[in-house]
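Shown here is one chain on its own, the form predicted alone, set out as structure tokens.
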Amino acid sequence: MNSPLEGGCTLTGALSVTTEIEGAVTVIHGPAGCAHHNFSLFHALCAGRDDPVLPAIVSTDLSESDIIFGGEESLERTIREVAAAGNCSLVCVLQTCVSGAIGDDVDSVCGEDYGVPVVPIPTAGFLGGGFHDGHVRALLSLVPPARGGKKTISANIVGEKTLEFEREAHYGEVSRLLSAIGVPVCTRFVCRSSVEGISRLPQGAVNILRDPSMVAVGEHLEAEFGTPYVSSFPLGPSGTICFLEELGEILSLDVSTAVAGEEARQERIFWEFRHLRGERIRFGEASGHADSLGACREIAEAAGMAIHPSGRQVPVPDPFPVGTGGIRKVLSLWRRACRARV
């Protein structure tokens, strides 16, 4: 699977965030079936990435009696059991369609003292919306309080699609570009992060959003901490250069040396694939988003390939590989497609 998992309800979207936090346990307030379904999904995805860590998910296992008379007691009991186990630093509480429909006062139950932080995240299964809604709400619910921490010349990575198979490769490429201009990563919000890591979020001088679908989170962080944001990971040759220049402008850094180095790197890649010059290609009409197709056209033209209706159809990767490293991946895919005709 190359695409991020975008199907599902708010519960699954929020779980894609909360299950990434080291030391956190997620309580799913609802019937056991909702927890079982999502546990199986995340377990399978982790296994597919050779990641042996099982998602820390607990269900309140609502019964028919709870559904009729209310499930707040079951929720409080489950949170206390999780907290008493003593092996978690954060409890996240998500609702299913059932608990959302019966109207349990989840915020009030989560407001009790359990000895560990308890964060309710508004989900309510499909009643609350779709996967993306749950993803965004989870991030917004986990924004730490402003504590006046001093900002450093560093960047936060915000809103990564945690279920993407290529997410670590994308993160690695963005980290490499940041390193080229001398900017370290402050924290990832929230891929492979911890409660302590999340608390550093206000210290970052710029937030780099995974893609424009995370703008609501970027705007919230800017209003909360005064931190500007870059709206997307870089795509294509010019997109990568613009990414560096935008960061340089935000952080008041001279990035000319890094830009020259990146342009030279891109030239070497196009020289490496010089045998593709003159190839006639076309892209599938329904393939990719507008930004991805724009990057494809730029890469094809820079590689000397001709875009023609009768050309060989080549794939538009989804998700599109980011940065200069992504150019090599795209050209490798196209080379394979061109060679497949013989």
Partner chain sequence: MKQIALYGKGGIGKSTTAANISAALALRGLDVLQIGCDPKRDSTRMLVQGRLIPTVMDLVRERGDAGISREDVVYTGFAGVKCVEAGGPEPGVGCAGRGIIATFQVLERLGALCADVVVYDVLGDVVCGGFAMPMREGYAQEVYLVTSGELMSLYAANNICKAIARLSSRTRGTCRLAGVICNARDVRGEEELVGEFARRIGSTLVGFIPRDPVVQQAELNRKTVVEFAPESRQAAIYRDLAARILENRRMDIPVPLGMEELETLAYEFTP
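All values reported here derive from a predicted model rather than from experimental measurement. Residue numbers count along the first chain shown, from 1.
Keep in mind the form predicted in complex with the partner chain is missing from the figure; the text below concerns it.
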| property | result |
| --- | --- |
| Candidate stretches 66 to 74, 41 to 49, 309 to 317, 293 to 301 - the one whose heavy atoms come within 4.5 Å of the partner chain in the model of the complex | 66 to 74 |
| The partner chain contact in the model of the complex: residue 153, any heavy atom under 4.5 Å | no |
| Partner contact for residue 259 in the model of the complex: the partner chain, 4.5 angstroms, heavy atom | no |
| The partner chain contact in the model of the complex: residue 102, any heavy atom under 4.5 Å | yes |
